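Single chain ahead, by itself, as structure tokens, in the form predicted alone.
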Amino acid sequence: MNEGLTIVRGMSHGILVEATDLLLEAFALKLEHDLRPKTPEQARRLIAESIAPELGWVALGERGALLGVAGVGVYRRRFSQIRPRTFLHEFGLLGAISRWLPVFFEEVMTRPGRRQWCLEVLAVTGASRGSGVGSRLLSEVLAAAREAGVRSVGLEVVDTNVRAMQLYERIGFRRVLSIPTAWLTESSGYRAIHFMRFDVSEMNEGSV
């Protein structure tokens, strides 16, 4: 476990810059497949402009080093959401349509209800993987969900991300649906998306 690990809800401007770098690294294949950015600078801009800092948590180590990021979607708000006008500005009309449709489909599939949250992001730096940072972030998110009166927290994970699935199952998430996607996503390295859910109502205080 990381000694001196601190979990902070919300993101300052400085942390947001670091978080953008981490998300670019963690979701590089997905970004390349779904958004097809023309340049690394454009990819960075798309990520930075999509984040709602108040819906995020960060794990900080010694001297404030960023170790991990988590973000949730709540009713009518998302941690990471690229607006149609941003697609239009960055890619033009035809490019915007082709990129926005798969993003819109994913948002519809994971859109939270009034008393639901959706874990959109859980990313840990390479050096911190396997050290409990992801578990701590996830525990903080679930504790906040309980405090907010949320009934369930959902998420999606691709079939090849075995380590993440093991973490979610260990925490108490259950798989509720799997959708084959090879026809669309095989070039990105995965063939199915699993949807999982954690029933917050079954939590006991301090159990996560």
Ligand SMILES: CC(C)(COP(=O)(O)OP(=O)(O)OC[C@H]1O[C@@H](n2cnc3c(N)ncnc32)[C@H](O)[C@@H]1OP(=O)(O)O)[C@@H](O)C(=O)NCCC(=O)NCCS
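Residue numbers here begin at 1 and follow the sequence given. Just so you know, these numbers come straight off a predicted model, no measurement behind them.
Only in words, not in the display: the form predicted in complex with this ligand, which the text now covers.
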Out of 56-64, 154-162, 140-148, 35-43, where are the residues with a heavy atom within 4.5 Å of this ligand in the predicted complex?
-> 154-162
Non-hydrogen atom contact residue 26 with this ligand in the predicted complex at 4.5 angstroms = yes
Heavy atom of residue 178 within 4.5 Å of this ligand in the predicted complex = no
Would you check, heavy atoms only and a 4.5 Å threshold, whether residue 173 touches this ligand in the predicted complex?
-> no
So in the predicted complex, does any heavy atom of residue 133 sit within 4.5 Å of this ligand?
-> yes
Could you tell me if all three of 123, 129 and 168 have a heavy atom no more than 4.5 Å from this ligand in the predicted complex?
-> yes
